[in-house]
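Okay, so here's just one chain, in structure tokens, the form predicted alone.
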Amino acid sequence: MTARFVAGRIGFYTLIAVLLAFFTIPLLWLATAPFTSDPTYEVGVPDFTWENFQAVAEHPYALPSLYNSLVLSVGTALLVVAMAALAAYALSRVRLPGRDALLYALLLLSSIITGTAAMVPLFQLAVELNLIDSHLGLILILTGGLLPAAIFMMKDFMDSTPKSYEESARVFGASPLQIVRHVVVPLVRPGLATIGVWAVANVWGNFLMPYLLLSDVEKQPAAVITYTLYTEGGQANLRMLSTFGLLYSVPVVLMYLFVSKKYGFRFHGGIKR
């Protein structure tokens, strides 16, 4: 019995070590390859050169693409957070016939009708509205794709907020918008932060829609520009790819750490605090 227990524990820890290595080695490569003069696919000790970063800075579209990604991500996140908060608040407070069925239908349709399935009608819609090669058009389309799931998630936060605070504000003459702004929003800040991070992460790594709707290379985000760092034969420029990949990853990681430290992705009553 003891030998079997020991063998099981050894097997368990071996499996954990293999899984950790599977996820850690690519991250180590991403952290070391940009500082290596001639990086390979193997993880090695870097010689701490800055030539790779200089090459990325001299690339005509690399750094501007990061700015484009920032514009698209922040613009979409702001729209998604604002519209999801208002819609979720209305659905949470107003008792409508078939409300729950509507929410599940929206979530189901947003899961089934993905960007790939809706590619042709979305492209035709963008052409008709003259939104091709437009950051605004892409932001609106990405917002529409993220809103159903955002509303569904945000409604849980709205359902958890005490209605007594709103009733007290209403007694003192606060309007519905004032109640939302000064009472509800402080209560659901962690939820707003969660939806914001989720929206930014989805847009930051989105390739299909920007590739489809932005033909001007100067307007394309980093997710699309990354694919230009390969040769026509499909060979990767490891110096450029690793360095640009590191720069591409840092903003999202910093955003997640900041929001996680500030809100912890846990529900806290804003008024009580």
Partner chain sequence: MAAIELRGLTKVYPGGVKALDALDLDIPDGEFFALLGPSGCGKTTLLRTIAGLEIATGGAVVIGDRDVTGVQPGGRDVAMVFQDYALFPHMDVTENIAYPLRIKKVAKSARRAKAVEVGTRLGLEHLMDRRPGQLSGGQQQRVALARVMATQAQAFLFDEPLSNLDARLRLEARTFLKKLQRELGVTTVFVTHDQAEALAMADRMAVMESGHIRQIGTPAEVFQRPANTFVAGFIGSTPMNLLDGAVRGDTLDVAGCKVGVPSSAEGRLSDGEKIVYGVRPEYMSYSAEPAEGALGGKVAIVENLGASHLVTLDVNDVIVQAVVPEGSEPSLGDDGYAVPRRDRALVYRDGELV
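Residue numbers count along the first chain shown, from 1. All figures in this text were calculated on a predicted structure; none of them were measured in a lab.
Although not depicted, the form predicted together with the partner chain is the subject of the following passage.
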Looking at 122, 91, 187, 85 here, can you tell me which has any non-hydrogen atom within 4.5 angstroms of the partner chain in the predicted complex? 187
Sole residue of 151, 158, 183, 199 within 4.5 Å of the partner chain in the predicted complex, by heavy atom: 183
Could you tell me which of 164-172, 122-130, 139-147, 73-81 sits within 4.5 Å of the partner chain in the predicted complex, going by non-hydrogen atoms? 164-172
